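Shown here is one chain on its own, the form predicted alone, set out as structure tokens.
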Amino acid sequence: MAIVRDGTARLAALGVACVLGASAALAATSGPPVRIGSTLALTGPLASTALVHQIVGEIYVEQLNKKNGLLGRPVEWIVKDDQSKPELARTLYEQLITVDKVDLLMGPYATGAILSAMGVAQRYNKVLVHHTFGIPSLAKYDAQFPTWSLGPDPAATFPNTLFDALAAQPKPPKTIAIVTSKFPSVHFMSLGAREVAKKRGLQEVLFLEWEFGNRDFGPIAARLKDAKPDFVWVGAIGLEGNQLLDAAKKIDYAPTYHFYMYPAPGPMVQAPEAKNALAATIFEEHPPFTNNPGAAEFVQAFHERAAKAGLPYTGVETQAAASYSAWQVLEAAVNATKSLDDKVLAEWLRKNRVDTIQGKLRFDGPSNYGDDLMRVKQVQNGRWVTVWPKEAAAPGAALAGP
């Protein structure tokens, strides 16, 4: 068994699976491999972020096989390219279960693909641990387990967390503009923020939506400049936040307080115009997060692997942390039950908390969600630091004003 890396991009483009394992671990494990199947958006518009999840999975499988695998057996991870297409993810998860005969499933990247995978898992009564599902109310299957720790009602709870942070400033914003992609999870969160802002008395001076895949942010930047909001909520995913900031820079507009839902962390933190930009997070590379089980070891491993892969940002933040947590949850359930039986694993997960690098996760709330662990981070001095709530803030860090 070996880690197959050569030609990964070429194989992914053809929809061919890559099988990841660790030959060096064979002496420590025995028996047939435990096969874990998943898809990732290795090509298409979500590929840059899905690469983070691929690197995390490779690291975790190697760590498992350097120990005792699962149940004393080596672990193989079978990854297929869903090309950023939820409908293809559905077909590929069918193949993983019926053709590849995998023992366990791991969720794909992004809400649409996860929803497709969830439908397949439900049809075959398979446990699905997943890491980036953004609309909890759509998670109807009782054997799906989320490690994107949003809580059951993030469209209300997280905007309140963010607005609490802003309200604590010497000059809190009084007007708000909400501009958002129609990408499902960020659109959902943006509509929630719109309602929360109204309830908190913020005056909405602009609301705009764009189709996912839009690249022309000039008109949006112009509308923002004309509206002159105190605070801009940007329902952005990936590079959309940078593209909006670049368009704003061209017309000499710099937002006062500005927030980006799920930005590309590297490009955002490296852009001068992103100074003091805010975003959501569940993990950053500082205490108290780095005190959690496995965090320090993973941070070091991810730095090395991400640098080799040429990632523009090699730090561990929300995407990598949620992904690593998903593997921790799956391993914890197998080890605790000493079983690969999906029914047994699901029953154990619904009754127990799991220690992860983002904290303790539980799955006994609505749609199997537990606590909303999302925090607010900010670009300060060329790095991301958590600034709110205070108990999660980086040592000495506080939200910086305009």
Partner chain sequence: MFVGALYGLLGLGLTLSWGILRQINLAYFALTFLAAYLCYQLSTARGIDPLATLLLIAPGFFVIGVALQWVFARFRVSPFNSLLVTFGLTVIVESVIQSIWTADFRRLESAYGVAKFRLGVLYVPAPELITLALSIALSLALYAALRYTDLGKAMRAAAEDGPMASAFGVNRRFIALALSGVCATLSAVAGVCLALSYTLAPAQIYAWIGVVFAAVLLGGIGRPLGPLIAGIVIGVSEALTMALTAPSWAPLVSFSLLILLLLVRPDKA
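Residue numbers count along the first chain shown, from 1. Predicted model, so just to flag it, every value in this text is computed and none were measured.
As for the form predicted in complex with its partner chain, it is not shown, yet the points below apply to it.
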Next on the checklist: Contact check in the predicted complex: E211, D216 and K250 versus its partner chain, with a cutoff of 4.5 Å between any heavy atoms. Do all three pass?
Outcome noted: yes
In the predicted complex, the residue from M374, L51, A346, I36 with a non-hydrogen atom within 4.5 Å of its partner chain is L51
Contact with its partner chain in the predicted complex, heavy atom within 4.5 Å, among L150, L244, A264, A280 goes to A264
Check whether A336 has any heavy atom within 4.5 Å of a heavy atom of its partner chain in the predicted complex, and answer yes or no.
no
**Study point:** G72, heavy atom within 4.5 angstroms of its partner chain in the predicted complex
**Key:** no
**Study point:** Non-hydrogen atom contact L340 with its partner chain in the predicted complex at 4.5 angstroms
**Key:** no
If we define contact as a non-hydrogen atom of the residue within 4.5 angstroms of the partner, is I220 a contact of its partner chain in the predicted complex?
yes
Here the chain appears without its partner; judged in the predicted complex, the stretch of 56 to 64, 363 to 371, 350 to 358, 40 to 48 with heavy atoms within 4.5 Å of its partner chain is 40 to 48
Applying a 4.5 angstroms cut-off on non-hydrogen atoms, the residues of 165 to 185 near its partner chain in the predicted complex are K182
